[in-house]
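The chain below stands alone, shown as structure tokens; this is the form predicted alone.
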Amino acid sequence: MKIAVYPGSFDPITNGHLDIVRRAGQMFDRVIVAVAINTEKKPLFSVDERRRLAVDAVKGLQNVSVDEFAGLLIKYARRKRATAVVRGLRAVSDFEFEFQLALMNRKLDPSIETIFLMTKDEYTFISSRLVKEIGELGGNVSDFVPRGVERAMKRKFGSR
């Protein structure tokens, strides 16, 4: 069974993330959306909220599950018996950072490949950071995130 891990903070999960998940799901027998716990970041949503929002967003995708992890990604991928790590790229600016991570991961475990998927054109401008800013300022985020995330953001920010 070919298993891929798609790691990220997913704060919040966006339609761009879901596009990558769906496409990875066509390439692998199983895809694990791995919500990262990073104590150095100040996320809008707690790890439990991010996990629940991701679970809701991927329901209906038969071979996709959601988990959370802390620590070294490559150790987590090994524990899950993953053969690949999936990363989404929006622009050339993403590539430099992601390439460096991929090379480091390859050095740590050459048996786990990094697969880069380019986002579709309509998602290249979407980032969790921008979506949070729009939501905080009272803008409409419905085109950028799943319905459950939109509702959760409205609860967080109220109606501004």
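Every value quoted in this text rests on a predicted model; they were computed, and no experiment measured them. Quick note: we count residues from 1 along the sequence shown, nothing fancier.
Same protein, other form: the form predicted in complex with adenosine-5'-diphosphate, not shown, and the subject of what follows.
Of the stretches 88-96, 24-32, 54-62, 103-111, only 88-96 has residues with a heavy atom within 4.5 Å of adenosine-5'-diphosphate in the model of the complex. Taking the partner from the other structure, adenosine-5'-diphosphate in the model of the complex has a heavy atom within 4.5 Å of a heavy atom of G16. In the model of the complex, adenosine-5'-diphosphate sits within 4.5 Å of a heavy atom of I126.
In the model of the complex, adenosine-5'-diphosphate sits within 4.5 Å of a heavy atom belonging to I20.
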